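Before any questions on binding or motion, here is one chain by itself as structure tokens, the form predicted on its own.
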Amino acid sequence: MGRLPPHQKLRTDFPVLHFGGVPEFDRDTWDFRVEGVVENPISLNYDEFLALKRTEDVSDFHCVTGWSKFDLKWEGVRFIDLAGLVKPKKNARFAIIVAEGEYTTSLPLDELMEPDVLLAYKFEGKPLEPVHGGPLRLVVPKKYAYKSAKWVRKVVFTEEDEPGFWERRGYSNSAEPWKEERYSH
């Protein structure tokens, strides 16, 4: 299996695609919560989130519209480290990612626990720009980018899957680029 999934074109720029406008970020009022089927729900302000254990990772990015970009450098908190902090209960199997504007997506926990899945706040060594999802974006390199929600505000651990914004509109819930799982059947 090559790095470029089938029918993707390699880009050197980083196109900006999203539904709706770019939300305003107010550092003084911004918060991030983790709740649901966990032992230790948390609510953190921006500085508290930045104080969590951070990781740098270089990964590829694949958009469902047919382009990919290689070697993007992200910095943030690994999802697996966040899970270690909140301690999901044994019956937790999925996480719903809730972003500004009530945008959601969901993924199975085993996929979110991959070491390259981050809640990123830096891109290429600089604070993540709002058009690319700043102040906080989920990065799931092995999935199409609609699973990498921009402007993340909350994670809810659940027992059952809950299709998100694009998945309810006909996009694949599995979003596997190498299998070209773009749309649900």
Ligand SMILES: Nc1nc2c(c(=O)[nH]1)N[C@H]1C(S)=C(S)[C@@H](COP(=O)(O)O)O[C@H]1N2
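Note that the structure is predicted; figures quoted are calculated from it, not measured. Residue numbers run from 1 along the displayed sequence.
What comes next is about the form predicted in complex with the named molecule, which is not displayed.
With respect to the named molecule in the model of the complex, the three residues Phe25, Asn45 and Tyr121 uniformly fall beyond 4.5 angstroms at the level of their nearest heavy atom.
The named molecule in the model of the complex comes within 4.5 Å of a heavy atom belonging to Val131.
Within this chain, Val139 is remote from the site of the named molecule in the model of the complex, having no heavy atom within 4.5 Å. Mapping the unseen interface onto this chain, Trp151 counts among the residues with a heavy atom inside 4.5 Å of the named molecule in the model of the complex. In the model of the complex, the named molecule lies within 4.5 Å of some heavy atom of His18. Of the candidate stretches 29-37, 131-139, 45-53, 155-163, only 131-139 has residues whose heavy atoms lie within 4.5 Å of the named molecule in the model of the complex. Taking the named molecule as it sits in the model of the complex, the stretch 78-102 comes within 4.5 angstroms of it through a non-hydrogen atom at just one residue, Ala99.
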